[in-house]
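Only one chain comes next, encoded as structure tokens, the form predicted alone.
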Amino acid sequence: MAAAPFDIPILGDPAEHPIPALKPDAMAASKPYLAAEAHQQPLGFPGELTEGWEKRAVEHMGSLVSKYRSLQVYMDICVKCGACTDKCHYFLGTHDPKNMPVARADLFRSVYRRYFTPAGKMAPGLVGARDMTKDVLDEWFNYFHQCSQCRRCSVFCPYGIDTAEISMAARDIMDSIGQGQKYCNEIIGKVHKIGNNLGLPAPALIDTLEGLEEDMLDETGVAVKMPIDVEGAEVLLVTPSADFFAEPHVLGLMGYAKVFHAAGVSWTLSTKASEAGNFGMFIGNYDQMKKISMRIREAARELGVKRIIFGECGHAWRVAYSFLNTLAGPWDFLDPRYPVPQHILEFTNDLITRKGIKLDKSGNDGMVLTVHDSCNVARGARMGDKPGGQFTIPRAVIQASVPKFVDMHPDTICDKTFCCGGGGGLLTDELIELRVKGASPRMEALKDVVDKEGVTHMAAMCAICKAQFTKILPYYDFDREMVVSVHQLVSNAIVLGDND
């Protein structure tokens, strides 16, 4: 590939984490495209900044800290201990001090102090309080779009301050005054209008699924189906729309279909609920999250399914696990024997455990796997009925499918996992420098197991992680096809046709 127009971080030893030398304002110019009126107004947001936006921003901040007590606590409780400073992948990759979680949160906190604390009102200069000005807003727009809301910093904060929640609040305030982000808001508009992030209409989706059925028939000799809008099916599968066309995502979708086929479970996709992703979380707007979630509820009712299973998508699983019941519940019309929602990895692991499907590891001969824990799965949700299931279940499925599996350095996996660098609504090309540099801690850990353990592939369980890695891996001299879907491995290993 052509040389990047920016420095690529040098990869070191994941066991050593020296605090980087600071490069003030190194990423001051990094920002996403501003949403146009055409992207803002369909979501109910102002099309642009208008007179009096400063007052409206402060009023919206006041409503958020009043409604969400956790946000106010995060504003008041930080003691600047420094525990979070070197935990953010964007700080480690860019060395910009404003990408330290504490410094990023202070961009928000300085305005909060000015308008909502006695000291900030009386002596703002003494307590670091700032007026809400255009310069401050521009700083917000740049640096709150350099946070992927991965929550790694919160794991190390002794007070549990969640910078992701602060970033979400900042983005919500910016949307409310006409300073939205194009990438997220354009995508949310497509979901409302068409049903998925890609803007893939129903006829094109159906044609795509028919093509995949033909591919699987050619590959296996077995008529594995990709049913859609089937009334009375037992399972509604809701999966990220990236699964319908991109690799390695689509290879995972084939794996889901083969699992359902082998288990003899009737299932269906939906043209109405053809998107598991919910970018309402990235912009911190619960009304948008609810509106997107309601498409799933409506599809489930119309099709009369008994259960809902989510495909491999990190933030979709976080929204589903943490918010689906409150946003779109109650789900009392579903079969009470099954959890709502359920993850495809829970479903497949249960079948493997009960010998409901058969796997032959030779289908993945020559592959040595490691796994990248999605930050939203690792720190925003769980799987199964035991603590830590979100870590053990994916590994159990992978280990049942491949000849050899090794984990990366313990400081980079499970609840300490690093973000891929493209999450939180940042998977857009104008942020490529940030994405490449933010991926460096994960690339460092990957290179370590490649060099020491002969790892050939890295499995991911998130659509954004897969898309990010296929783009980023070549910057670090890895093959873009090194990243695979977890269910791609299942697809390669599953034995079809003779399961009881």
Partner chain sequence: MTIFFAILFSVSTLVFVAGLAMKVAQYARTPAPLKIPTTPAPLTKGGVALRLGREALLFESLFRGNKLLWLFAMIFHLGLAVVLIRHARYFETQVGPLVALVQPLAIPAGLAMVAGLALLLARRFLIPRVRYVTGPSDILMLVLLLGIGISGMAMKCLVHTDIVAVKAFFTGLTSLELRPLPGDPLLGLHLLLVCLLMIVFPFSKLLHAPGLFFSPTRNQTDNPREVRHLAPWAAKLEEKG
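Here the structure is a predicted model, which means the values were calculated and not measured. Residue numbers count along the first chain shown, from 1.
Keep in mind that the form predicted in complex with the partner chain is missing from the display, and what follows is about it.
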Sole residue of N325, S362, T353, S266 within 4.5 Å of the partner chain in the model of the complex, by heavy atom
N325
Which pick from E247, E234, D229, E165 sits with a heavy atom within 4.5 Å of the partner chain in the model of the complex?
E165
Does each of H89, E186 and F405 have at least one heavy atom within 4.5 Å of the partner chain in the model of the complex?
no
Answer among 219-227, 121-129, 271-279, 203-211 for heavy atoms within 4.5 Å of the partner chain in the model of the complex: the stretch 121-129
Is there a heavy atom of Y286 no more than 4.5 Å from a heavy atom of the partner chain in the model of the complex?
yes
Just checking whether V450 would be counted as a contact of the partner chain in the model of the complex - the rule being heavy atoms within 4.5 angstroms.
no
Using a 4.5 Å heavy atom cut-off, state whether L22 contacts the partner chain in the model of the complex.
yes
Taking the partner chain as it sits in the model of the complex, is D175 in contact with it (heavy atom to heavy atom, 4.5 Å or less)?
no
Who in 39-71 is close to the partner chain in the model of the complex, meaning a heavy atom within 4.5 Å?
V65, S66, K67, Y68, R69, S70
